[in-house]
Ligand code: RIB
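In structure tokens, the next block holds one chain alone, the form predicted alone.
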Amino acid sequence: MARKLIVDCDPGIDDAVALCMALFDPRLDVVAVTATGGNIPGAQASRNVQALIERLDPPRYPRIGIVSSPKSAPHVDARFIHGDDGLGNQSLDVSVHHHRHAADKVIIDEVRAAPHEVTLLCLGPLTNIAHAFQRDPELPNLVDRLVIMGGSVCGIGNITPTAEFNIYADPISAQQVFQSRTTKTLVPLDITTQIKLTLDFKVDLPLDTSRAGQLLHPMVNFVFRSYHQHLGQESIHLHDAVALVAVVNPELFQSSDIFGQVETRGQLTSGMTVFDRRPQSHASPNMEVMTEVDVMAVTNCIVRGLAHAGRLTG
């Protein structure tokens, strides 16, 4: 039976790659895709979610949840990596939807419709998840599992010296979610940065005669240029695609149960994820944290997932 999945994301090129994999994976039933501000502002994130789904045209359309609260917009974005529109400046057209639903409401509706069956894959700031938990205090007990791409166990960030982007963008929401009673799995930077995709990855993308290939080729070309120009790297990281692999192939990872929390106020450490790894700690673990990964196997999963999407959209 396919696993019911909600993808909460801030597309973002790596979000787009993860969506392309998820929407065509027979092991997954993507019941909803919800947008949150992060890599790009909220309105653009909502537009991108719709544009990606329409371009990919999956066999079963998920519900779409849009960003509803501009007050919760992150104070940073990553357009310097993903382009002004978040998708490599493709300026994808979207149809006009007159009846649009807020992301937190969609999350509540879908979890309530299938209690203890829905996995929430969080690929952006945790704003929507925190809002949903606030609106429906029973919801944390009804989610099967949260899988969160975010944080850093070693304390080295990618947006500040100490903070990973998704957590830094909304540390208060992240702390609320970390403290929730939900079963949580964290896929931190320590894991996702081990998967380094070189220029050979472009050869493995679906043919550009397929819908998936037409979408992916310009985005991947753009992100390779961005990494070279802004980060001085010849390889790229697709953090969100790695988190998706952790959902469907958890056997490729090793993990530890740890107590983790988020620094929300530090002048130098806001957004830092702090884990209690003392041998004599009295803190009860509140999440599973991925600590080791089979790099080659995960890389192959990403390539195979995109190839499958290419075959189904050819």
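Bear in mind the structure is a predicted one, so any value in this text is a computation, not a measurement. Sequential numbering from 1, following the sequence displayed.
Another form, the form predicted together with alpha-D-ribofuranose (RIB), is not on view; read the next lines as being about it.
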| property | result |
| --- | --- |
| Region of this chain that lies against alpha-D-ribofuranose (RIB) in the model of the complex, out of 286-294, 7-15, 299-307, 20-28 [heavy atom, 4.5 Å] | 7-15 |
| Interface membership of residue 240, alpha-D-ribofuranose (RIB) in the model of the complex, 4.5 Å heavy atom rule | yes |
| is_contact(residue 166, alpha-D-ribofuranose (RIB)) in the model of the complex, heavy atom dist at most 4.5 Å | yes |
| Distance check, residue 48 to alpha-D-ribofuranose (RIB) in the model of the complex, heavy atom within 4.5 Å | no |
| is_contact(residue 189, alpha-D-ribofuranose (RIB)) in the model of the complex, heavy atom dist at most 4.5 Å | yes |
| Option touching alpha-D-ribofuranose (RIB), based on a heavy atom within 4.5 Å in the model of the complex, out of 120, 149, 103, 126 | 149 |
| Position in contact with alpha-D-ribofuranose (RIB) when the complex is considered in the model of the complex, options 214, 158, 179, 90, heavy atoms within 4.5 Å | 158 |
| Partner contacts in the model of the complex for 79-95 (non-hydrogen atom within 4.5 angstroms of alpha-D-ribofuranose (RIB)) | 82 |
